[in-house]
Structures are given as structure tokens and as C-alpha cells.
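Next up: a single chain in C-alpha cells, the form predicted alone.
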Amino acid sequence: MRPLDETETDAVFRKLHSFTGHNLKNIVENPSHEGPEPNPGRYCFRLHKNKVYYVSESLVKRATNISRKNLASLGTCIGKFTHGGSFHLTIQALNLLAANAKHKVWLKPTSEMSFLYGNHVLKGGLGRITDSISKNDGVVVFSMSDVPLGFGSAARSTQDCRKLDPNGIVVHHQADIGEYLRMEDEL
């Protein structure tokens, strides 16, 4: 387990910024409430076996007693680096993204299951959408009762969605909470 280097940090922050915008500051400066210390510190990002973890500094200090070979996981895994060097967010980052999301989409109850099976969000299943979404922006998908379901990238801007036919794609699927069942062994 080691801190991210400059290029890795840039890739992680660029991806998180596409979903959170200026709220990225809330993630980076989030004070930690874990640990026995009276002042446990903040949360930080650590890399272990090509996976990026969001973990409190006090937990990192206590984990230094464990060898890298024996350490399985630490904190919340928010994403992983591919062999090509690009960074992909995983579904475990959903709570972090949902709390700080800049762009949101709410689905009608009839299209929630379709999204949870890994399909894109269509205009016909769209309940609400935040204003000022541009094409390729990171979008967090919610149910109408504000339960975070997953995230993806905007296929069209908010203005284009209003003119779109009901079968047009609004959000390209990236991850959803159904992955906990579909990819149980990999997570």
C-alpha cells in the first residue's frame, strides 16, 4: 500500500471531478471520524495491487504493521487502474459520488430494473434530470425515492434530452448496484 504518484493522482482526480465538479474539495478535505486517536486526521487515497482505496489516515497508520503480501483490502475501493494505465471507477465509489454529485438523473420505477441489469438509461425511463448537464459529463443515477442506483456518462446534454425520442439513450451505463450480484467474485 502506497500513496498515489502524481500521474495516478491526476487520473483519479480527473475522473472524480467529472462526477463531482467543485465538490471534489469535500472528498479530499473530508475529516475522518475513525480510530482511537482524538484527532484521527483526514481521508486519503492509497494504491494497492492496482486498486485505489479511500481510507482514513489513522487506519493507514495502523495497517503499516501488516505486510503488503498479507493485506487484502483497506478502506473503500473506489476504482482500479487498467494494464493500459487508465483509471476506472468501481461501484464501491457510488456512496462517495452520490453524496457529492454535481449532475443527477432520477429514473422512473419502471426503468430501474433495466438499468440494474446493465442497460443504458433511455429517455422514456427518465423521471427528472438536473440542468446544465453537458455531453460526456459524469452522472449519478438515482431512483425517484433518492436511492443511488449507479453512475454513467451523459450521452446528451440536458437541452438535447428534451427534444429526444423516448427510445434515445440519455446516460451510458458504467456501473450499477446490480454488479454486487452479477460480479460477486470479482468485487
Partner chain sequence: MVKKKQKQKIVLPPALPPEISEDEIEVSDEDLQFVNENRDYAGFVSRLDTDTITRHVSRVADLEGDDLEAAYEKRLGRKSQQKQEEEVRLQVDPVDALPVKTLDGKLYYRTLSNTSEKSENGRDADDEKGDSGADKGIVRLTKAERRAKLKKSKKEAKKQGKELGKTEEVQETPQAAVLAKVKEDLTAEEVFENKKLKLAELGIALLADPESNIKTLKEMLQFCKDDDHAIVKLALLSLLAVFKDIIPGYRIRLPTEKELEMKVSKDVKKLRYHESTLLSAYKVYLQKLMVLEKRSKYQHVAVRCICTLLEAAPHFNFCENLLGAVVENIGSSDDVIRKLCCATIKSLFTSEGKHGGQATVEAVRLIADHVKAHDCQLHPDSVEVLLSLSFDEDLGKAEEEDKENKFRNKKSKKRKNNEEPSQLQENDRKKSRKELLTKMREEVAADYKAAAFTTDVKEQKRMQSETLSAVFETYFRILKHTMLSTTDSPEANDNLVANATGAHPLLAPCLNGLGKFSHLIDLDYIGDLMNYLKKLAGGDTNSNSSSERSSKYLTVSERLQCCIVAFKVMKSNLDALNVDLQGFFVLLYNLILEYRPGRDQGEVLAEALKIMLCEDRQHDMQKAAAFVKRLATFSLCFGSAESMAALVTLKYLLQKNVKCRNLLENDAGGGSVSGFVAKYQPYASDPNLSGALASVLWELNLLCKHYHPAVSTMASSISSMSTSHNQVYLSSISPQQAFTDLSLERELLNPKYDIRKSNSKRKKGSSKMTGGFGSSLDTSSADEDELKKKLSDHFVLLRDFKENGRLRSELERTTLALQLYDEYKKQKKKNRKA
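Please read these numbers as outputs of a predicted model, since none were measured by experiment. Positions refer to the first chain, counted from 1.
There is another form of the same protein, the form predicted together with its partner chain; it is not shown, and what comes next is about it.
Not one of Arg46, Lys51 and Leu74 places a heavy atom within 4.5 Å of its partner chain in the model of the complex. The listed set Val55, Leu126, Leu149, Ala154 contains one residue whose heavy atoms approach its partner chain in the model of the complex to within 4.5 Å, identified as Leu126. Though its partner chain is absent from this view, in the model of the complex it lies within 4.5 Å of a heavy atom of just one residue from Gln174, Thr9, Asn23, Ser18, which is Asn23. Put simply, Lys163 is close to its partner chain in the model of the complex: some heavy atom of it is within 4.5 Å. At least one heavy atom of Thr158 is located within 4.5 Å of its partner chain in the model of the complex. Although the partner is absent here, Thr90 lies well away from its partner chain in the model of the complex, with no heavy atom inside 4.5 Å.
Taking the partner from the other structure, its partner chain in the model of the complex has a heavy atom within 4.5 Å of a heavy atom of Asp131. Taking its partner chain as positioned in the model of the complex, the residues of 94 to 129 that bring a heavy atom within 4.5 Å of it are, in sequence order, Asn95, Ala99, Asn100, Ala101, Lys102, Lys104, Trp106, Lys123, Leu126, Gly127, Arg128, Ile129.
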